[in-house]
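As a starting point, one isolated chain is supplied in structure tokens, in the form predicted alone.
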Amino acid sequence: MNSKELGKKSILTKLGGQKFIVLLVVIVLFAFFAVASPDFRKYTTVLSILDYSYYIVLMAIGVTFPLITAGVDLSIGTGLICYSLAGGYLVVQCGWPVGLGMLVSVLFGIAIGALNGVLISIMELPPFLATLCTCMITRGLGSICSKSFGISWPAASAPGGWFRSIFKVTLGNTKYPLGFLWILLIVAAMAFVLNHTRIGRYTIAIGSNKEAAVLSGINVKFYHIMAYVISGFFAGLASIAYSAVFATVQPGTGAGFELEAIGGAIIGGVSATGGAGSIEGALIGVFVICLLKTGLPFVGLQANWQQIITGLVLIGAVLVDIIKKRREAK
């Protein structure tokens, strides 16, 4: 095969990549809902989609690392609510500064992430079981932290409400999605971490072949733990995004958020069996889920259809991954 044919094959490979296909799906979905419903084309709808996407995207960025190690983190959904309730209680009930409450939320997330990493890497519990346990723990802790009451972080017009403008700023009579710019910067930074730093390369090595990683001298236990610490860190950031976007945080909620984040990451190209994935792919995959959740009611379908369709899309994404790995093995 000559260089011209190789170049053509490389281009076709890029164009046929899963990320490109999913991006096309996002464009087609948006166009379909926009044509089917004039209300969907409103600026307020776009803002609503972005508001919903922030915390899901942040969780998806974090959970990409455990997924690449061939693990999973089921604690991020209920954890998000727990961290938000804990930080919010300190701000609202104890009078702590908002910035300190946000820091507590993130540190809480890191602590649970580290616990997951120790349970999985040191104590060798299966990732599904370990993170399912911490999922239940964070759900209970959230209710304890808030004494089973909903927590409302300061409103935008109240003292301390400045943190809400991190994600959406109002100039004149128009609201602008500032959070989307932050998301793009975070995605770019974490894509660099995954592809060009030791922790990213070792995460991929662990997921590709854990035994080979050990034999090559990689401190597998440490970097395995760090994958879950990163997941917990981003769950903590997601709790801040959730608190900034929604008026009240209710205890006992959050179950299912992790499935949307994990589903978005897998749809975006993170391998279901570990060893491969991308941060930008996770971003695009999450928008498929967000568009389905927001757009289906505009065309007269119940929200339950979003779960069915998302499940079917996930099956398709996993099948693509299986077919791709079989071709690479030949």
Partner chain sequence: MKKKVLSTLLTAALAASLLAGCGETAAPAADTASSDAGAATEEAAPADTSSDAGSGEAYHFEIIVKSYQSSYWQAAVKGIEAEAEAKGVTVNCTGPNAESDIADQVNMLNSAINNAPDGIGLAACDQSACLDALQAAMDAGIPVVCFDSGCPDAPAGSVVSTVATDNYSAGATAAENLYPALKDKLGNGQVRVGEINQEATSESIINRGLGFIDKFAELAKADGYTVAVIGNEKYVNDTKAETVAEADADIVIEVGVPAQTTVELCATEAAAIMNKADTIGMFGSNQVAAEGILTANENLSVLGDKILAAGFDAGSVIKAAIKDGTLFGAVTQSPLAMGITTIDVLCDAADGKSVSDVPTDGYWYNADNMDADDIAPNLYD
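Treat the numbers as computed from the prediction; the structure is a model and nothing was measured. Residue numbers count along the first chain shown, from 1.
The form predicted together with the partner chain exists for this protein as well; it is not shown, and the discussion that follows is about that form.
**Student:** With the partner chain left out here, work out from 110-118, 229-237, 179-187, 249-257 which stretch has heavy atoms within 4.5 Å of it in the predicted bound form.
**Tutor:** Of the options, only 249-257 has residues within 4.5 Å of the partner.
**Student:** Should residue 294 be counted as a contact of the partner chain in the predicted bound form, where contact means heavy atoms within 4.5 Å?
**Tutor:** Residue 294: yes, in contact with the partner chain in the predicted bound form.
**Student:** Is residue 47 part of the interface with the partner chain in the predicted bound form - any heavy atom within 4.5 Å?
**Tutor:** Residue-level check for residue 47: yes, a contact with the partner chain.
**Student:** How about residue 149: is it within 4.5 Å of the partner chain in the predicted bound form, going by heavy atoms?
**Tutor:** Yes, residue 149 is a contact residue.
**Student:** Whether residue 52 contacts the partner chain in the predicted bound form should be assessed with a 4.5 Å heavy atom distance threshold; does it?
**Tutor:** Contact with the partner chain, yes.
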